[in-house]
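One chain comes next, on its own, written as structure tokens: the form predicted on its own.
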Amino acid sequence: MNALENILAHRSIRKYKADSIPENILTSILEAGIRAATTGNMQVYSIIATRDQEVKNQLLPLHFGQKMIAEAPVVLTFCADFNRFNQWCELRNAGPGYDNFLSFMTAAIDALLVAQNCVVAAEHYGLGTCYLGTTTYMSEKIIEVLNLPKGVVPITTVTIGYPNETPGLTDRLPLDAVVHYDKYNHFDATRIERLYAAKESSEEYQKFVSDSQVDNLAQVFTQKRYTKKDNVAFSKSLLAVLQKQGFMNNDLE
């Protein structure tokens, strides 16, 4: 498949064969990652490539026990990282001013761009991948396990390995739900109903509703999967991590 066909065929793989990833292929994936666009060509990110089983086992509970963390041959943790850049600036007598939230956002965006490049490259080699959204939820503990210094915050995690399953493609909303030409096109109730009709009527999501014992799919998200209580708790935790890691300075010194 060519690059576009690979992207259109993307699916999340959660079960992996025990086969290791050859060193040259992993290196090629990481090299593709760092060719991603980056703000000011600063490359304010780091990639932690974890292959050691003991370290993966330590990460496992921090990703809510999702087995692919322990089973995938490689776990990539993508981090916003101003630590290296700050040290370089200080060595050159160029006082860095990157201890603020904007700088964190800059580095987080850089890290996510690198992650997506790595995913596309991995799938080019026939490998399976899966993003884990638990990284920011448990960032404080991940920082401890991976020995991340001040100025570094984990943003997302991707498991990589040879697939041991072939799941179907996950659904997506129609293009006109997410693409706005020239200016934002506001939604009315009729349009919302149309855009979500296929998703809500699918057997998979109807089963989610039934298993969750709620009235509709929206309630699965708001009452079961991503509740306000959890969102606020994890937000507070992440903000505390940003403060500790040196990204919440709001004063000019």
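Just so we're clear, the structure is a prediction, and the values are computed from it rather than from any experiment. Throughout, we count residues from 1 along the sequence that is shown.
The same protein also exists as the form predicted in complex with another copy of the chain; that form is not shown, yet it is the one meant from here on.
Proximity of K141 to another copy of the chain in the predicted bound form: non-hydrogen atoms within 4.5 Å are absent; the residue sits far from the partner. Another copy of the chain is not shown here, but in the predicted bound form it comes within 4.5 Å of a heavy atom of N41.
At the 4.5 Å threshold, heavy atoms of D52 reach another copy of the chain in the predicted bound form. Contact annotation for E71: none of its heavy atoms lies within 4.5 Å of another copy of the chain in the predicted bound form. With contact defined as any non-hydrogen atom lying within 4.5 angstroms of another copy of the chain in the predicted bound form, the contacting residues in 71 to 93 are D81, N83, R84, F85, Q87, W88, C89, L91, R92, N93, given in sequence order.
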